[in-house]
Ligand SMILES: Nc1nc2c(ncn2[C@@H]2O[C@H](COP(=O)(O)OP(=O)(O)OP(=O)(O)O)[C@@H](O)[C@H]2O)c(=O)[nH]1
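Just one chain follows, in the form predicted on its own, and it is written as structure tokens.
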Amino acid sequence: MVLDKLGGSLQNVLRKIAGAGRIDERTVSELVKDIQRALLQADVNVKLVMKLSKRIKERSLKEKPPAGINPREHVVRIVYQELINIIGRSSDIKLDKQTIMMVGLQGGGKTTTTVKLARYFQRKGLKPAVICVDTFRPGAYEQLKTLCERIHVAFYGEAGNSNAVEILKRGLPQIEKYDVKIIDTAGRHALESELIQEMEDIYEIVKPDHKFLVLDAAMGQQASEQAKAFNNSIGITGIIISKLDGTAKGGGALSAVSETDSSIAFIGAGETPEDLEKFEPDRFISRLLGMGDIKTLIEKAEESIDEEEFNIENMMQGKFTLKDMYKQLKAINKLGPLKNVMQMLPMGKLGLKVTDDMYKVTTDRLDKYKVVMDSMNNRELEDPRIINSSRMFRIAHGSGNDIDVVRELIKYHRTMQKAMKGLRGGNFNVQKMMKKLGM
């Protein structure tokens, strides 16, 4: 994913700033070049990159650091603020009763995004319902029905009926009692007159609170043209960027939207119903810069797991036994892919290198770890450092596993413990910087 590369590149820039002896014109010029390179590789518009570069350079050299912030921290603060500016504002999404109309071109991920959106409101304690009026794409009805049933969301549709307006008129009374009504409309290969007329007819019947346009992140900078076209036709209230995890143009799609009158409502980066999050520019940029997103992580934890299962404070202190590690990893597994969770922590690729090995914990692997741990005694579970070769052989034999699995568990615990300890800072104090940035 190019956003991983973009984040890594920007974090390298921050490391250079943290290690700079002084902030002078030469240092700032090198910083700006590195940022330009990172953004252009992520498909961000050249004019936007040059505008950003100019702003960062001017502010870094002319503005005096506020009280309590040194010159290096001041430059990081400027980079953070200007990156937020290029991706624009977020949409105002209230957790209240509302009707939402989903629009977009065929192939943009609108149907799966509809289900993710329903799941988002469901996690927030509201009761969503979905109506399928996509009569253009074969299989749309069955796909949406199946996905809604999977997450226990109310669904209405009429298989074989090609009249979207008829379906809608009969469906609305059926879902009247639900808090959030989501209408999945048809897409086309292009924004043609037939599609516009159908959207306008649906709008007149529903009078939705929101009209969300789903855009594939792979469109890159072309996303701005689609946003303008749909906005001119029906007046969209927010954009959802889908498939942000699998394209080299994600940066282009995000920044392109900011060039329109639209705002980003949600971003989708994954295949499960859980993989949709409300777009918050400050939180998004914070993650890109390696400063984490503790606010979102805590929100996800509160929605998904019991308080006794997951303790953010204990996790960030880095002092935990094998029992604690297993308990916490099992809880984290409920939050979605471990890689996404770890990116919300201030791991800071500002000092600590997080390898892909840290993300390779699946449910099957956790089950295997549990069997291995059941063959350990309390001393070994409390202090894995005492597990020598003879103990490993005994544990492997008792659990019916190869000794390599035992070694893997011990190594993983050691890696996680080191990573968690890294949360507490280092030469470049991430927590302190987050506070100074107002996060």
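Computed from a prediction, not measured in an experiment: that's the story for all the values here. Heads up: residue numbers just count along the shown sequence, starting at 1.
The following text describes the form predicted together with the named molecule, which does not appear among the structures shown.
- Partner contact region in the predicted bound form: 110-118, out of 227-235, 250-258, 202-210, 110-118, criterion any non-hydrogen atom within 4.5 Å of the named molecule.
- Contact annotation for residue 143: at least one heavy atom lies within 4.5 Å of the named molecule in the predicted bound form.
- The named molecule is not shown here, but in the predicted bound form it comes within 4.5 Å of a heavy atom of residue 268.
- Interface residue remark: residue 128 is not counted as part of the site for the named molecule in the predicted bound form, having no heavy atom within 4.5 Å.
- In the predicted bound form, the named molecule sits beyond 4.5 Å of every heavy atom of residue 323.
- Checking 97, 365, 169, 137 for any heavy atom within 4.5 Å of the named molecule in the predicted bound form turns up a single hit: 137.
- Comment: the named molecule is not present in this chain, but in the predicted bound form one of 245, 82, 277, 158 has a heavy atom within 4.5 Å of it, namely 245.
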